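Shown next as structure tokens: one chain only, the form predicted on its own.
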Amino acid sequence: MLKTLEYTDGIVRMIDQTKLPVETVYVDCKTSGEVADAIKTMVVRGAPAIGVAAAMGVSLGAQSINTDDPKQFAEELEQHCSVLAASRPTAVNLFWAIERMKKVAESCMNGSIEKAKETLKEESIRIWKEDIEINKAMGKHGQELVPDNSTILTHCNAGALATAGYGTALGVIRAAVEAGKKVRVFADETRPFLQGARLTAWELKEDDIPVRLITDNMAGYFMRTGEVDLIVVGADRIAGNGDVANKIGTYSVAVLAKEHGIPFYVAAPTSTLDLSLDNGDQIPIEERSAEEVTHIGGKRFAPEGIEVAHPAFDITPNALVHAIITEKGVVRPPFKENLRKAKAQ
């Protein structure tokens, strides 16, 4: 299985997703700041993978603290956590993982600092292992929604590369294949960062799962011609009412799916649920650099000085979502009630 990231000997090693599929290059992070930079620059991306990376970054930060004073240790650890939390604003798994690590640190403050450091490292690895198992459980539940001999459209990359391994949306597809079902996939390119073209298409091709790459503006055409049976996407944050924040362009796919009567499913772990938010309007939307829109592969194709808008995510209203696939089962409307039940299990 592809290792998106791993933590060994004081190093968080992660595959550089900005180089795929042309090169397979690994980046070694030795400090929390380097992990934060890797998250910010999308060396590692995808909400679950960002959460795992952040947990490992907290551990690296703890290892670097040189003090026997619990109060000073806690203060310095908070600084490392703040740097990591500032790396990207939308994926709630980032903040979930940091808060989980902080609670573990607080529980260790009556013991030795060295023991606290070791406990934090163990917790980050536990989060990594849990994510893989969660994805497999999600896939098992989700594949039941996939008919045999069907074609699935997916947007962005919600595969092994977006997680500790296996994937959320692609985990559903992988599980369907493992169950003996024949499936085909449309992977749209996902402008402007091309996660679909560079990452999803690469993952599926590596797994010998039939995949066709299409441009983002072809989705409606293939829905109208009857060649899409269902849509499965991931999520970066889900509000308490079931509104979904995912890669920009997801909303357009969902609107098209409703117009053509095609089921639209979201696959995400319960750590992606943000029940503190009433609706998707409260989810912060990251605005990324203009250069990601005006350039491809470092080559400019837009006019110099052109004004650029670049929201990295959009909100899909819950009314367009047929079901949310979690590791605890498939959650259907009414989402406000049923998501809380899933979170509490």
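Keep in mind the model is a prediction, meaning the values are calculated, not measured. Don't overthink the numbering: it's just position in the shown sequence, from 1.
Omitted from view is the form predicted in complex with another copy of the chain, to which the following refers.
> For the chain shown here without its partner, which stretch in 132 to 140, 222 to 230, 263 to 271, 76 to 84 has non-hydrogen atoms within 4.5 angstroms of another copy of the chain in the predicted bound form?
Single hit among the candidates: 222 to 230.
> At 4.5 angstroms, heavy atoms only, are M42, N66 and E118 all close to another copy of the chain in the predicted bound form?
No, none of the three is in contact.
> Applying a 4.5 Å heavy atom distance criterion, does H310 contact another copy of the chain in the predicted bound form?
Output for H310 is yes: heavy atoms within 4.5 Å of another copy of the chain.
> Given that another copy of the chain is not shown alongside this chain, does D278 nevertheless sit within 4.5 Å of it in the predicted bound form, heavy atom to heavy atom?
No, D278 is distant from the partner.
> If we define contact as a non-hydrogen atom of the residue within 4.5 angstroms of the partner, is D314 a contact of another copy of the chain in the predicted bound form?
Yes, D314 is a contact residue.
> Evaluate P21 for contact with another copy of the chain in the predicted bound form, applying a 4.5 angstroms cut-off between non-hydrogen atoms, and reply yes or no.
Result yes; P21 sits at the interface with another copy of the chain in the predicted bound form.
> Which residue, A201, I127, V146, I98, has a heavy atom that falls within 4.5 Å of another copy of the chain in the predicted bound form?
Of the listed residues, the single hit is A201.
> If we check another copy of the chain in the predicted bound form, which of the residues in 293 to 311 reach within 4.5 angstroms of it by a non-hydrogen atom?
V293, T294, I296, G297, K299, R300, F301, A302, P303, E304, G305, I306, E307, V308, A309, H310, P311 sit within 4.5 Å of the partner.
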